[in-house]
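Consider the single chain below, provided in structure tokens and representing the form predicted on its own.
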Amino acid sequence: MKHYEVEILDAKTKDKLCFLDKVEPNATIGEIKSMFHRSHPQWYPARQSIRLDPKGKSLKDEDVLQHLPVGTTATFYFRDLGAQISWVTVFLTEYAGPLLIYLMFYFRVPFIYAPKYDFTTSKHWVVHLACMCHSFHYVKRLLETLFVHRFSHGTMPLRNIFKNCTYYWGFAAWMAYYINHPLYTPPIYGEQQVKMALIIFLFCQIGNFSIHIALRNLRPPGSKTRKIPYPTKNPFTWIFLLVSCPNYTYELGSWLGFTLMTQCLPVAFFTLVGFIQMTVWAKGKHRSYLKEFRDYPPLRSPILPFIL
């Protein structure tokens, strides 16, 4: 059996960082990262980006050496991804924040509103309903992070947690301030509008959860397997016939329902910004599906059926 020699160069300076002798042909990039880590302890595997070209894409950990377009002396390029943090930690942090921040405004803790309103409650029942819906949404997200989601990547750059938390925590505070404000005005069409909004919100929350379960069942535990998602017996998954990322479709619907329920401008703005971001994610995932699967259903749109 022939063995490979592997040299790893710095992607920026082209300096040689490591030389590995007698590497097995069936060695994976993940295993090469571990070997590299032994000679450079400061760069643990999750922090490494190994590439065939200095400006190329990162190779996957499961890529096998002998299947790559390299000779028996393989040259790879290394780029430091920076300090990493687990996706689970990021999700738990960014979702726990809005839950707690919103409740601080709901209970009107001191220094938020005028002193005479400290620990008072709103006279409008929609304010209490909105708190329950907002709390339910983020408790659901936390539980899904712990028990449902299976991540294809174990980590993300540490700097992302500050960006993500600023987004989620900041918007939660902005929305909660106005919804729980003593001068808050209920929706113009009253109880009928709120009830309709609640139905939309709950329908989309159930739909979003159903899609997450369907996606979870596509990926065996501990694997990075990707398959085409198809509708299941659950009617909430039938939207897969028309949309590549229905989890985002239902998420959008939930926040539209919450906007209608509260009739609050900051909530509408949060919904708009979230829709723009989810559209970017959905389009990227849709392109990825089309590139990876030749038999991908042609009728599907990224996030909105027949539109977007």
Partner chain sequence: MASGEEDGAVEEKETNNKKKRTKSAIAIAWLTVYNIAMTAGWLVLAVAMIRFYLQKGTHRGLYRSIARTLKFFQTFALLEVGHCAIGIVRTSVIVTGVQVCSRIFMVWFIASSIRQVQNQESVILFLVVWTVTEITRYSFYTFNLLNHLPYFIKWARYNMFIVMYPLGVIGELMTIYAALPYVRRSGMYSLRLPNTYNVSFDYYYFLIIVMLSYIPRKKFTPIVHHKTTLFAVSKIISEINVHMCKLYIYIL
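Numbering follows the first chain given and starts at 1. Not measured: the values here are computed from a predicted model.
The form predicted together with the partner chain is left out here; the points below concern that form.
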If we test each of 265, 273, 241, 280 for a heavy atom within 4.5 Å of the partner chain in the model of the complex, the one that passes is 265
Heavy atom within 4.5 Å of the partner chain in the model of the complex: which of 185, 152, 89, 166 fits that? Just give me the one.
185
Report yes if any heavy atom of residue 178 sits within 4.5 Å of a heavy atom of the partner chain in the model of the complex; otherwise report no.
yes
Specify the contacting stretch among 241-249, 50-58, 32-40, 255-263, defined as having any heavy atom within 4.5 Å of the partner chain in the model of the complex.
255-263
